[in-house]
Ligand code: GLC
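Single chain ahead, by itself, as structure tokens, in the form predicted alone.
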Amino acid sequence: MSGIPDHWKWFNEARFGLFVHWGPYAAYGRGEQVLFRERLDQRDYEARACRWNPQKFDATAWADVAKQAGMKYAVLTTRHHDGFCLWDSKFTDYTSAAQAPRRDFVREYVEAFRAAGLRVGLYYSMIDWRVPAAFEGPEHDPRGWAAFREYVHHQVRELLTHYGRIDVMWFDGAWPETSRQWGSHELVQTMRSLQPHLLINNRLGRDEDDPAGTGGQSRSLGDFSTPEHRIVEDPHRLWESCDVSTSRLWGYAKGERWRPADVLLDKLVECASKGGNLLLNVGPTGDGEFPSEFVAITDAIGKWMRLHGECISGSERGEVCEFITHGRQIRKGSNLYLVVRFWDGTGALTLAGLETTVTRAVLLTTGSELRFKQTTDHLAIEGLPEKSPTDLFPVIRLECDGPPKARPWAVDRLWKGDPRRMTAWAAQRGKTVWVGR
């Protein structure tokens, strides 16, 4: 993607980040939205939240897990939809600083991750389920809504004033109101004045002319788009797919099923191949620890990244030619990386449709040089080991004499493009349904 300001290029290089959903809901062990989903008693929830006091929270340990996994940045839920704030806010006493912990968790997080060399992002939910005006909206409670909106703006300013340089501001919960009703254009101007380099996501309320406005996402506001639970590339701006490491929930949930490392790594590879980022979520326990399953999964991904990370960081959008039989492709400069998801043990691999001349082939996993033969339409790679050299995905780096390009017929995939591009190929054997005719 061209035209990216220099102060945002780090995001396009990073490709892999950590999302952390954490708050007093973690003590329930039933996900981040337990208050709403189960219609819990508001006063009981509030009392329990004020007693919540995670003794094992260690931001440095969190940062170490992220760094070992090969992640380059993180985003923490400073306030989720339940309204509890993880920082010392002067606009409410419903905070970790004013209640039982007597700690500013946001400050501890920012300082630890920054010290580890990671970029820092702050998630902020615009809605607050404790406030009636947040449900009534500006139409039914204009005075209450105006006061609530002012509260939101004050808190955003607070977060961008007291913690030094913040790299990402990640909004959520704007549904169903519009960006105009939230005063989002003014809010963006405020944020730009405080931190001009800041990256702001697109969940600032739906556009006025967009009745659907999925998840309160705006087409006109925000520097990057945020597809959730799915990978959808955005050709018009930076983008980041956010997804869970479990089966469904973002906040800690007892008994959740964990996705295996290869499934999550494949999501990262797909994002990289399409020019986007993966923001992978973890829900720490009520005591403040990362679940051991998440640590084990990200440790495996981190080991893979230490060998193969060059194909992820700074990758370029667009696969070159057909490779679905074996895995995925990632472009970067004059290199084409073949990420082999399915290792067939034959010792050989053929890539069809690459036009650019290959000058060298290396099995990145072991550093071994590979033999290859290239014809007009095919590249045959030989000398691969029978057994996969890694439990995850082996990677072959093809070094080319220029940016990798596809043969004209291979630019489009099966069932796409103009079918007439394949006419001459079909005519090689004849023109009828009869053999040899």
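All residue numbers refer to positions in the sequence shown, first residue = 1. Quantities reported herein were computed from a predicted structural model and do not represent experimental measurements.
The same protein also has a form predicted in complex with alpha-D-glucopyranose, omitted here; what follows describes it.
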### Task
Let me know the one among His81, Lys332, Arg119, His326 whose heavy atoms come within 4.5 Å of alpha-D-glucopyranose in the predicted bound form, would you?
His81
### Task
Consider the chain as shown here, without its partner, and state which of Leu159, Cys242, Leu351, Leu187 has a heavy atom within 4.5 Å of alpha-D-glucopyranose in the predicted bound form.
Cys242
### Task
Have a look at 73-81, 137-145, 86-94, 267-275 and name the one stretch with heavy atoms inside 4.5 Å of alpha-D-glucopyranose in the predicted bound form.
73-81
### Query
Any chance Trp170 has a heavy atom within 4.5 Å of alpha-D-glucopyranose in the predicted bound form?
yes
#### Entry: 4.5 Å heavy atom contact, His21 to alpha-D-glucopyranose in the predicted bound form
yes
### Query
Counting only non-hydrogen atoms and a 4.5 angstroms cut-off, does Glu228 reach alpha-D-glucopyranose in the predicted bound form?
yes
### Task
Look up in the predicted bound form whether Trp250 has a non-hydrogen atom within 4.5 angstroms of alpha-D-glucopyranose, and give yes or no.
yes
## Note on the structure
In sequence order, the residues of 380-396 that place a heavy atom within 4.5 Å of alpha-D-glucopyranose in the predicted bound form are none
